[in-house]
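As structure tokens, one chain now follows by itself in the form predicted on its own.
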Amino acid sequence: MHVLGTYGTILVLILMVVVFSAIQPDTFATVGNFRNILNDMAIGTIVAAGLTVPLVCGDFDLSIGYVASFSGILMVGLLSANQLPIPVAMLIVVGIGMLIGIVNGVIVSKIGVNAFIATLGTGTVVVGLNYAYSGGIPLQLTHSTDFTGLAIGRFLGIPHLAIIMVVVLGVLWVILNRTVQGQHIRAIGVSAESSRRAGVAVDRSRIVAFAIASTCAAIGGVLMASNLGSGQVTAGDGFMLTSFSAAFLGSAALREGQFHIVGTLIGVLTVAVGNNGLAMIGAPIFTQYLFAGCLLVLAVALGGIGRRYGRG
């Protein structure tokens, strides 16, 4: 059981690679397919890595998918309807995403509302803003069409999405592991009361954690809009389930039930390999939903095993 708590996700990943490679050796087990998996998982990895920060802090954020959807719609609207320069539009969208995270953090830390309820509430408000702005219909990119190059372009042969993913993961890893703020966030996840007694600004750190999560969700929404060449009303909603699955799967990778950035990356890769493999073998679409749900249950179970044996 100790092995499952520490290496469960890695074992699941290896098992899936072996099984799908045996079933579809000419299509799944190829360099090109693995390159596609990495490119396809980049946006989801950014969103999931952002979610990992409040999870480390002991909080949950159910609004990230809605923030991603709204950010994509808003980005396309600012470019097409308002014809703003791409950098200005990106700063506005990411800034609004950060603001939503700050609101989440204030409601949770200062007002004392449960994180589930608070983020579900703000997420619902974001959905309302999304529909109010878009009218409930997709927005097409009619100006600044070179914006699509942000997601589909390459630099020295490396996809932009992969580069951005690595940069974001690197920044988040440094924040959590090499800064005082990161140490505070991790300490709060162990015991908020003990951290408060030790002089840690608990409320501020929780607000920072939520702000990071929503900022990453907004970045994911911008990249999603670039990848699609349009703003889709619900395009990012599914990130909530996949991000939680990835983060909990990652907690059963290397650190005995602890949330961490490298683990989340492994978790996203596990989800991506599973979905890709199911598509490769021609499984019906409903099997992907079954897979996602079962994987989330397995992820929570493995994370619980890791935390239980980690405390022991």
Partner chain sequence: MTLLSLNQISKSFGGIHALQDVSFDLNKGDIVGLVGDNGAGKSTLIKILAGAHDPSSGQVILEGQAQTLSPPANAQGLGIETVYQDLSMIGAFTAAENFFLGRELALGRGPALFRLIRRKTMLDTAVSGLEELHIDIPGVRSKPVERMSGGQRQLVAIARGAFWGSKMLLLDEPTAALGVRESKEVLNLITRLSARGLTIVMVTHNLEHLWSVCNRVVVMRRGRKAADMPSASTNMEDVVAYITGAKEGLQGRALELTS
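Numbering follows the first chain given and starts at 1. In this text the structure is predicted, and so the values were computed from the model without any measurement.
Omitted here: the form predicted in complex with the partner chain. The next part is about that form.
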Counting only non-hydrogen atoms, the one stretch of 181-189, 145-153, 232-240, 71-79 within 4.5 angstroms of the partner chain in the model of the complex is 181-189
Exactly one of Ala225, Ile100, Val108, Ile212 comes within 4.5 Å of the partner chain in the model of the complex through a heavy atom, and that residue is Ile212
As a check of understanding, the residue in Leu169, Val127, Ala162, Ile175 with any heavy atom within 4.5 Å of the partner chain in the model of the complex should be identified as Ile175
*Ile158: touches the partner chain in the model of the complex, heavy atom cutoff 4.5 angstroms*: no
* Looking at the partner-bound form in the model of the complex, is Ser195 within 4.5 Å of the partner chain by any heavy atom? -> yes
### Message
Considering non-hydrogen atoms and a 4.5 Å limit, does the partner chain approach Val94 in the model of the complex?
### Response
no
> If you check in the model of the complex, is Gly199 within 4.5 Å of the partner chain, heavy atoms only?
Replying inline: yes
